[in-house]
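In what follows, one protein chain appears twice in different forms, each by itself as structure tokens: structure 1 and structure 2.
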Structure 1
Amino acid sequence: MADYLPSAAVQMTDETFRLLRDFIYEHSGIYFSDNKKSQLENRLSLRLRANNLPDFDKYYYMLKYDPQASKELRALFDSVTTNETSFFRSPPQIQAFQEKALPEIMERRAEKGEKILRLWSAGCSTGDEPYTMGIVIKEILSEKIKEWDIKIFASDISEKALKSARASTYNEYTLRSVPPEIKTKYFTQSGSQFTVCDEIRMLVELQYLNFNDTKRVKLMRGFDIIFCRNVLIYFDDDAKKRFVAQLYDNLNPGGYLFIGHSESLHNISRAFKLVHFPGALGYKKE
């Protein structure tokens, strides 16, 4: 079999773009609008090379009809998602989580004699967000954390991102917003690399999850707080409405949803109560 080496000259036709765009949407809910054709073309060019395929038509037919294409499907999702994140990203949201939402929920739980916390980092990327959540919880509870049953579920559609999250080792740039005392306390440094300490890693359970898998998403129940930041940008309005309605069901009454600071539930859902925090917004299930 010849080795094809597609170059930048290989272009995606409008028809093939629509076929691939619809295929991706059907299998993940991720939507590429018409003006994102060149972006999809660029991101999938490496998949042509990896599979020794001469053009995007052949790639589509492989995805569509090859019974062994399930592994490639996950590589496709790696290619079309962006894993740009960092620790303590969007500080006003983290502050709202640390000083308002989390203490409120913990107080309510403690009053009922239920020292249980369940959180979900939905779209956790390389793990920066769930580990940040763990650090914040440890800072609040200190040694009393042993009295609590705490689990942070962290999910993503990108296997590549999850592999990085499991390694839990990061560079200085990723930790640029981390206060020096927090960095010293919760990371082990080796040269220019920093690894999250075990007491934080143990709070986080990483798992693969495609939000298009409605049966599995419905099983994600009983959460006190959900972080789903910069995920809705991948969906069209219909998919956003379906997914946000599911997130509402995933939350306990009184629970909070945090989405990206540039995202909004306006015209998406009226089920949540909009909560104004200093410099940040949250959505509460009453």
Structure 2
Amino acid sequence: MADYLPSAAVQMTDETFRLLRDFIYEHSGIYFSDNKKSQLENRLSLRLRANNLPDFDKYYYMLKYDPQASKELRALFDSVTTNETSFFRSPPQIQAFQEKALPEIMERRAEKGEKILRLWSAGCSTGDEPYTMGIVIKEILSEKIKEWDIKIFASDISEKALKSARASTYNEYTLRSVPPEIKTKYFTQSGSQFTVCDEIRMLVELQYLNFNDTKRVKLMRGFDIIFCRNVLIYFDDDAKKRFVAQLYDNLNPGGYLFIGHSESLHNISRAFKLVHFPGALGYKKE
């Protein structure tokens, strides 16, 4: 949606792209690969206008040298992650969740005779992510889901986002990556709106949570898998390190943390094992 801008006149040179890419990676851990140059160009052209700057070079120098730039950083991060939520976004990551991480954890649990699963969608926004997780679990377990005690905690700091998550009703566009058979199976359609069915909603527990509320974050214990996508970018390095260390403690041994598809924890945590799945990365607590 926001990727389209009518006649975005200002062009980004390859060199400026690399400078901005490295700057963004260093400050947020999000990496724009070469094929995402035009995406970055489109998204940042809004920031150029907002700051009344003639070109991307000037924008880069402002970020780098202007003491006021920390405010702009936040706006920049917002613009690079906009419209990032939608059901079944980033298929390789869901595939890793569905075909590798979940089966591995479920098998271990089943062996021990404790069929319990605790998942956390940290920063769940409008609910796309926790409901996707629920659908995937139902797809794996099918009728056997009754034998399991499953909870997907979904937290966000925005009451507005939580409200739409509760309504769990989405338009066609949000569901664009959902396979048709999944759509008919787990959503009820009314006009152009699609509502998540009850059996999936029942798995998800929505709640308000501020990640700065360390006491409450500490209480989020015993998770097998945590999704925390594009949340860390808003933290400075120290806060990031503390929060990720906390997430590590929140996980059970053998649990996984998934962050944004092009997000990195390099230099943030050495506690996790970085796992390469086909097309996606995951962080494992051993």
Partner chain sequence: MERPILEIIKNIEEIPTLPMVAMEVMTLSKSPDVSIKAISECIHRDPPLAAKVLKLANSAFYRRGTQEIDTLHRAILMMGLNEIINITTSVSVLSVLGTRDKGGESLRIKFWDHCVATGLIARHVDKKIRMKAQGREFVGGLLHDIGKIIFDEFFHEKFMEAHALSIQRKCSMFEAEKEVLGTTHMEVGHFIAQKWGLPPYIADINLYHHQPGNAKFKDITSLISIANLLAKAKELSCGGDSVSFVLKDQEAWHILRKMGYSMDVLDIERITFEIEDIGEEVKTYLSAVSEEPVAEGANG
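Each form is matched to the other, and the largest set of C-alpha atoms that superpose within 1.5 Å is called the rigid core. Start at 1 and count along the sequence of structure 1; that gives the residue numbers used here. Worth saying up front: this structure is predicted, and the values here are computed from it rather than measured.
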Identity of the form predicted together with its partner chain, given as 1 or 2: 2
Rigid core superposed: residue 28 CA moves 2 Å or more between structures 1 and 2: yes
Did residue 250 shift 2 Å or more between structures 1 and 2, C-alpha, core superposed: no
Residue 223 C-alpha relocation of at least 2 Å between structures 1 and 2, rigid core basis: no
Per-residue C-alpha deviation between structures 1 and 2 [residue 49; rigid core superposition; Å]: 21.9
